[in-house]
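Here's a solo chain for you in structure tokens, the form predicted on its own.
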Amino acid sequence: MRIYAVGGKGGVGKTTVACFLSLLLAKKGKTLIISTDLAHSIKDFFSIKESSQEFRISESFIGYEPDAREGLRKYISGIEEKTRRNFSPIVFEDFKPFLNFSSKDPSNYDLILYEKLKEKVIKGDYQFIVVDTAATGQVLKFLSLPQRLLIWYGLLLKWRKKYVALREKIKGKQEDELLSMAEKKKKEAEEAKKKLGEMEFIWVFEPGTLSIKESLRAMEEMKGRVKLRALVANRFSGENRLVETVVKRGRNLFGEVNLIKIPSFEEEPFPGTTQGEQFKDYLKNLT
């Protein structure tokens, strides 16, 4: 399985690049494109009308726009059920306000989207996965999540094992649902971290000052965390000192990095159009 992630500042053309790249990959093998942006736009790009989160674009091409809000509700509901079964009513009532708050906290959406991606990476039978990311801030959160989750599950296992050892002295050996869950989650986090560590990152930017500055900052943050496969200068209109600055910084930080220059189009490129075919041609070297 090869995993690509397409990132960049909001509005630079990440989804367009991710979707056309996925179309090219789908000709080679089973491909999934997953959006980790709350404002999904894959269906809009492909003119998909159905309401399901997962949908077929072609025979070997699947799209997935996970509903983070629904996912968070189900996630918290599952924790509530396990907490109710494994703790006393007094402890559960003390814990319940925290669950209610967490179920409405938008900062948890990134965790849910990461969990959805992790599930596809671990259990999916795809040859290619393309991640259409949100803006830069979410990308940096995603890159830090695997290690943060491993630390959390490690602490949870440590605490739970101490509790189980004390309980066994009183009640004898028993299966412990929370311990088993923590062990499973830690194993999944380790597997996901390994696979996502091989992810090929494609950074999209425009030759404008704000996009350039954000790209330079983001590459500094991504150093040592990802393999930067290519820089895509979208809406490129000729040799530009700012673009050269990004390329130079990228190669200093990551080694040899491809630069793909995509010009502006008079009409927005979409699948099946002349502009779309031309746009797709620029991405062929990425596959």
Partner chain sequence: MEIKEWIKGFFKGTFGDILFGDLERETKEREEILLTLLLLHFAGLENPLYFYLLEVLPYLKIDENFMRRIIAKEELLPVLFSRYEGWA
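Between two forms, the rigid core is the largest collection of C-alphas that superpose within 1.5 Å. For clarity, every value in this text was computed on a predicted model and none was experimentally measured. Numbering follows the first chain given and starts at 1.
Separately, the form predicted in complex with the partner chain exists; it is not shown, and the next lines address it.
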Tell me whether 31, 121 and 140, taken together, all sit within 4.5 Å of the partner chain in the predicted bound form, counting heavy atoms only. no
By the heavy atom within 4.5 Å rule, which residue out of 192, 212, 134, 145 makes contact with the partner chain in the predicted bound form? 145
Of these, 150, 199, 216, 99, which has a heavy atom no more than 4.5 Å from the partner chain in the predicted bound form? 99
Test of understanding: in the predicted bound form, would residue 93 fall inside 4.5 Å of the partner chain by heavy atoms? no
Would residue 77 count as a contact of the partner chain in the predicted bound form, using a 4.5 angstroms cut-off between non-hydrogen atoms? no
Taking any heavy atom pair closer than or equal to 4.5 Å as contact, tell me whether residue 112 reaches the partner chain in the predicted bound form. yes
Does the partner chain get within 4.5 angstroms of any non-hydrogen atom of residue 204 in the predicted bound form? no
From first to last in sequence, which residues of 189-214 have any non-hydrogen atom within 4.5 angstroms of the partner chain in the predicted bound form? none
Rigid core superposed, CA of residue 83 - does it shift 2 Å or more between the shown form and the other one? yes
